[in-house]
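One chain comes next, on its own, written out as structure tokens in the form predicted alone.
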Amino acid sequence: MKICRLVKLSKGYGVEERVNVLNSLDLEVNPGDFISIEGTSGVGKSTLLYVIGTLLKAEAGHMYLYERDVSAMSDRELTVLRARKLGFIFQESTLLEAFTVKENLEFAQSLVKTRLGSPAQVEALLERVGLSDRSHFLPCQLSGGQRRRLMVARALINRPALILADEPTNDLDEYWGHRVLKLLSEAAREGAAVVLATHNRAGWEQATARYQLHDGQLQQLA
């Protein structure tokens, strides 16, 4: 079953000076896909991820998640779907600043009651993103790169079926950028789908399919 399908989808901004950042765009996302979305700054890559993540509404066309038309789903259904099926890595921080590193992951885990959720899973993921020794720190006590790695861990904690990653290697050095992309690639090999917006060539190299976003359209690259 396809995870996501966009059909002639459009989204724009402005009234008097209208800018259509997505223009009758088509895309299919299947389990195991690692898709990179490339393009210049401001071209609409983040908007595309926000639409796929149901955080922005398209103005025309259709989007299907698990073959269900998103426009026919209630706000509650979309909230449950985001919690259970989607993992987000945003450019801007969405960490819970009053919670420790460990509590940020535990809270995200608490939103989805599954047999996979366990303290051991939290500890293992903190180890993989190099934050085991910062588990009781608040986000304000972390460096920019450490905050980014926490955001990645939080997106992965519930093993989502679809991971939307918007420049996930921002603030990271070469070593940790490579490690984060490896985590995303491993998730795809385990059956999740990853849609990655990035300027990082290393991200392109991990992708199973590359697209250029230009003039609101996606062009598949060789």
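C-alpha atoms forming the largest set that superposes within 1.5 Å between two forms make up the rigid core. Residue positions are given as counts along the sequence shown, with the first one as 1. On a predicted model such as this, the values are computed, not experimentally measured, just so you know.
Unshown form predicted together with a small molecule; subsequent notes refer to it.
Heavy atoms within 4.5 Å of the small molecule in the predicted complex map, among the stretches 168 to 176, 152 to 160, 62 to 70, 46 to 54, onto 46 to 54 alone.
Contact annotation: Gly191 falls outside 4.5 Å of the small molecule in the predicted complex, judged by heavy atom distances. In the predicted complex, the small molecule sits beyond 4.5 Å of every heavy atom of Trp204. In the predicted complex, at least one heavy atom of Thr40 sits within 4.5 Å of the small molecule. Among heavy atoms of Leu9, none comes within 4.5 Å of the small molecule in the predicted complex. Put simply, of Gln91, Ser118, Thr79, Ser132 only one has a heavy atom within 4.5 Å of the small molecule in the predicted complex, and it is Gln91. The Cα position of His199 differs by 2 Å or more between this form and the one not shown after fitting on the rigid core.
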